[in-house]
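Two forms, one protein chain; structure tokens for each follow separately as structure 1 and structure 2.
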Structure 1
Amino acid sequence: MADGSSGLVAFITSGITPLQLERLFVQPYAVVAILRSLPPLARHILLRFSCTGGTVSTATVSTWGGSDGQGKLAAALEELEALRLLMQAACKGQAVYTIHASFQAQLRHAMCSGLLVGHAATLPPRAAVPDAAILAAYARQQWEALLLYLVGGEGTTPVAPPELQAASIDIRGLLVAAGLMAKDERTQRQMSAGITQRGFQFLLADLYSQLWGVVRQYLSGLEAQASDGAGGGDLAVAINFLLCLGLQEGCNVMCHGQLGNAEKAIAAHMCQLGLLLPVAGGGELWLHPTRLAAVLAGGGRGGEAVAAQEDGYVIVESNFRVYAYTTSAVQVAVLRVFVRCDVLLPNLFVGTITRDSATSALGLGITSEQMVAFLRQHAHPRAAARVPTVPSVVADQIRLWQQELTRLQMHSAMLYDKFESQELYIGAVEHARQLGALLFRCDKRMQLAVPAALHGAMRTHLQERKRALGL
């Protein structure tokens, strides 16, 4: 989930219908993003195709790989076919591969004339350009409001800036639909929603996974909302708009007045989430992308690595003490999930990772890798310089605590004993393995155990086999 390419490509291959996929191939930014997210061999094949007339015979394609590269070539071609970028057809009695026409056109356009900055033909006046600190502060404020709402369940959700005059997203509905919050019906005064197990894992994930999780839920919501006719267009426009935010380098400001209607609504929602900052200047409203937009479009590692260095705040010592230089309530709340708080000062959180705190977090469904990864990602720059960032004692001990929880495993099962013949036993073991139900086998004493639920299936199998073997 932390890999940018898998997020986007997975969404495209599994999340949208073929009709919407076709519409996506017309959008220039989507085309480039898809190209960048493919593995090197598939990318190479696509680029070769884009320079041809569009159809290449299968025989020629198979000569592109050496004798020991055929397997990899075939795998790459299959992947491209699954994405509908390449299609197999028969032309004049020959088997050929054809590249998707609009994809090829967009790709050529991008290669030859670069990604045209279609939106910002004019620039905002100098006075209206906010400096980096304001952008960062706005992004942090909006995103933390969302996370704080997730943790607390009360308080205000981030709101869309009023000057954009658009309906804001129902943040609570979005989080509930994503499975991060669940309606808590115990309070009678109001239906407040509390955080779920998945919500805790979401909090400990890296920024890219969080962003992509929320945006993906938002896109699914868009899909479900609109009727099939308009829905496809909206989704493709939304994806293109999102990619456009991060992929442009240099002049990436957008003028609100120049966007289409669907794009205006999406822009308002992105402002609400903290990806865009609206600033009025020169009679127009300008939208500036923030760091969050860069992280989203760049995929996990690109934007993250730079950001993490400035934003790290956690120091972990080998005596299991945790020091976090932070003033943010959200970060303290996230740390308290698995660290016992000893001291809380206005700008410092001091805690200890104890067996109790770690096992209660493990009981919530958070894994030891998530905890260690969280501590590593948010490491203070001075701690990050030392190797390993999180002391190996601490990392190993959290892993051991997790293993302790699974030390004893119990399954309700049926034990089969006293098989009349070796063949009957072997056959039963095979059948159990096919059902995926083999819990235990001992060849020496011919004993077999399967889950109790499958007893009926095993009994019928054994009766048939015995009849077949004439026992």
Structure 2
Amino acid sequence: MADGSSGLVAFITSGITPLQLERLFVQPYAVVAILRSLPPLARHILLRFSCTGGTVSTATVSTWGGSDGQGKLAAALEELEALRLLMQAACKGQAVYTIHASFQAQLRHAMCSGLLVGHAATLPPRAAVPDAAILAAYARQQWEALLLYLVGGEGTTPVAPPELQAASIDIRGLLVAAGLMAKDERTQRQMSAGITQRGFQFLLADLYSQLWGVVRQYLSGLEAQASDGAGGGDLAVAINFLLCLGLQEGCNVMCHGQLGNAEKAIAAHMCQLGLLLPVAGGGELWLHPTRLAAVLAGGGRGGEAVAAQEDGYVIVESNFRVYAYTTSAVQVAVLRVFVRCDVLLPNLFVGTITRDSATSALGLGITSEQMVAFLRQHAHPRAAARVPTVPSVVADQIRLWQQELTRLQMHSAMLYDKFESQELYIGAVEHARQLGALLFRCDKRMQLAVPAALHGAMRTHLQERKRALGL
């Protein structure tokens, strides 16, 4: 699964009230997206519950994991309880698990009837159906404009298409609120914002985590506007609309004129981010979901596979050379974070992973695993076919460079010296040893060191010993 900290499951766990959760399950889109995002065992449990009356005894559920899978079963049940999809209760004197009734109803609906509801009823004229290349190019253009602004803090941000006649998202404010960019501390202006440590980590994350990181902040903004009475719209309606974009396979075109006011505003913002492409035809404006919408609703699995097939462009050799066949300024900028650029041609980036380039990235908060995962995720198809995709000597060396930085650690400590007597010094050493805090001792110079946090305890002990010794 993609990074769980930025996905739909994490958002539901931490950011949705029980009332919003109930409203979320009015339609099946969130149900299917959650099911895709969960680990296989958790999905298996929910599918079993969908065919029951909604209540199953804990004794029966415990048999689903087998004798050697009780630990994994318990972890899956705990995750489903955290999502509030399963609840423990008592029924007729026995402990039972109860599935969320609305979730069960929509899961059954999706299994039996599919997702062809709502906006998919009308089909656009042939002239308003763009080919896959146009959809992919638009999605890449809009999303890379956002990433390029994040990398450099300059240039133009993506804007909503003028034909939608809607206000654009404040991209600068969105990135600052998400913690990906920081305002200039002297001017406190977003115009002079720069990328943060979290922003560098965002750049190396997979596409699913990136999308949900931005969309999650967008949804938080909608919720804040709604609570302030600024017309932010219903959070559950917004989430279902976003997931609807990528889940209605084959019939996922929407007529802009048939959307509600709240949905029109969200649609304009999603066009700005590259999830929707507006195309005019037959006197109407039609909204076509791009591959980014499929990634957003794909749970980090199916949609991410589509992205990986298109995005593979990096070849890493065992001599630490990196070749990237790309014309994207964003992809070159991301590689420059941890790869030294040696040659830059119109369609080819040639660089070397060096100790200085890797440790510089590590200093920004990027981990060795994130660097290796990025190279593996964006590997050229020919490189992806070999095992391992990233040569072991390269991956292991990047990890060793990270370990070098953590070999020595700095901690605040207090040094005690100039003791009035040998007896006072020996007593202080014994007391520090009893506290498990003796970091250093030198009997010849009568010096010892303890963590700074225990300075108060040592000072009290020394004062009492001085009084007892008459010093």
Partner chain sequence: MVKATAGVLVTGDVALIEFIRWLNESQLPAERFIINGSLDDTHLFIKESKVEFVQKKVDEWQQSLRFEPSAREHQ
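Small disclaimer: the values here were computed from a predicted structure and weren't measured. Numbering for residues begins at 1 and runs along the sequence of structure 1. We call the rigid core the largest set of C-alpha positions that still match within 1.5 Å between the two forms.
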Exercise. Of structures 1 and 2, which one represents the form predicted in complex with the partner chain?
Worked result: 1
For this session: Using a rigid core alignment, state whether the CA of L415 is displaced by 2 Å or more between structures 1 and 2.
Result: yes
Exercise. For H380, is the C-alpha shift between structures 1 and 2 2 Å or more after core superposition?
Worked result: no
Problem set entry | Core-aligned CA displacement of E404 at least 2 Å between structures 1 and 2 | no
Exercise. Taking the rigid core as the frame of reference, how far in Å is the Cα of Q447 displaced between structures 1 and 2?
Worked result: 15.9
Problem set entry | Angstrom shift of the Cα atom of A74 between structures 1 and 2 (superposition on rigid core) | 7.6
Problem set entry | Inter-form CA displacement between structures 1 and 2 at Q106 - rigid core frame, Å | 4.0
